[in-house]
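Just the one chain here, the form predicted on its own, laid out as structure tokens.
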């Protein structure tokens, strides 16, 4: 029978439930268990696809086209296995399902209520992954904090599942905060006690406490927490602030979080955790032999989570090149022809980030022109690739009015145009070209050299595409289509062969980069940046 682990949070948001869930998953996976992780989000949006990145960070896309919470990116990067539609559930999706059933008359005239109808649907969604037969353990992260009105149906669903499936098959980990009061020179346990009390009032006794802290937790504090929160002393786990999120599995291993879980759930221990590759990654991460400065040009740079997968893909690629990546965030709206040279003068390469809308577009185009003309490595993703096409059309083909119809609907030269199947779509949510699609690479191209194969598959999230009416002129002038979706004849990758490294991709390679499999395009981009720096 599949075992279920629930991760709840208390005291404060943003404590790192996703990282703790992913770290525990990694430890159990390293012991030989088959593990997956899902996220239950209490907001009423059906998915984060229509949310501004400033609201919720990046929108992560799965292989099967689900627009999901960014925590799913952590799950994939740690476990090195893909997630799916079933791995992210929102209150909006739950209520949408229930209302559709009610409208169809499936409840036979009964009064539809939070209990049992909403909670039954939540329980069904939680158990969907276990029904595949692929997983020994399903870890479920509950968004928000205990006590939030929005989270109450999820907490009640967990309570019911623990009763229905038995204590041996369900376990609750409560992540909380031990604040340090500088005036008193001590860690305070009272917020955690109140958080556990709130959870108890909902009928759930946490089995394990994971305590975020800036300082070591003494045995005296552990005993105090155990006494007042009804847990074993060995179930009080210290989660001290780490240098890197990739240190957390090792910290949790030292705290024996996995051992406690195995004991409480009566799991048959497979073997000692094999984390040699993980430890090797950490060793290389902390001992680089070179470094480069990469400019991340985007319009949401104030919030690091807006480009979370890109940041982590650079970490993976840096390790693969034994290189420290100094990522310099550059707001595209602040770039113009008068200051571009000054803003990019110490940069060894730039990545122009994805995004939507008009703001900052001209700054991105100006930055791309500068690095193209000065032989500085360039990597463009989604809108970044489209901006590269616009820049090339304007400054090489001399089509001064070239643009994307997303920005200039009546442009004279629509080198980037709305996809044909998108023209009749009116609803915004979940209607883009989403998920994994095939791409065929041109032999000898930089993309082919990176992947070392012809046929690839990458994840997409866009409505606009390269306009093939301009392809012949582009290629004659020096920008080639080195990757295409042959079924639809869509240009997926453009590059300039005469440039040290100038590659733009319509898809999102950052979504597929993991600790064990860094994405080849990011790896090759960093290699090109180090070579360019050495040559200069």
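Numbering follows the first chain given and starts at 1. As the structure is a prediction and not an experimental result, all values here were calculated from the model.
Keep in mind the form predicted together with a small molecule is missing from the figure; the text below concerns it.
- Listed stretches are 342-350, 129-137, 458-466, 302-310; the contact stretch with the small molecule in the predicted bound form is 458-466, by a heavy atom cutoff of 4.5 Å.
- Within 4.5 Å of any heavy atom of the small molecule in the predicted bound form lies no heavy atom of residue 499.
- Residue 436 falls outside the set of residues with a heavy atom inside 4.5 Å of the small molecule in the predicted bound form.
- Proximity of residue 406 to the small molecule in the predicted bound form falls within the 4.5 Å heavy atom cutoff.
- For residue 332, no non-hydrogen atom is located within 4.5 Å of the small molecule in the predicted bound form, even though that partner is not displayed.
- In summary, among the residues 354, 295, 143, 206, the only one with a non-hydrogen atom within 4.5 Å of the small molecule in the predicted bound form is 354.
- This chain lacks the partner; the member of 192, 88, 157, 386 within 4.5 angstroms of the small molecule in the predicted bound form by a non-hydrogen atom is 386.
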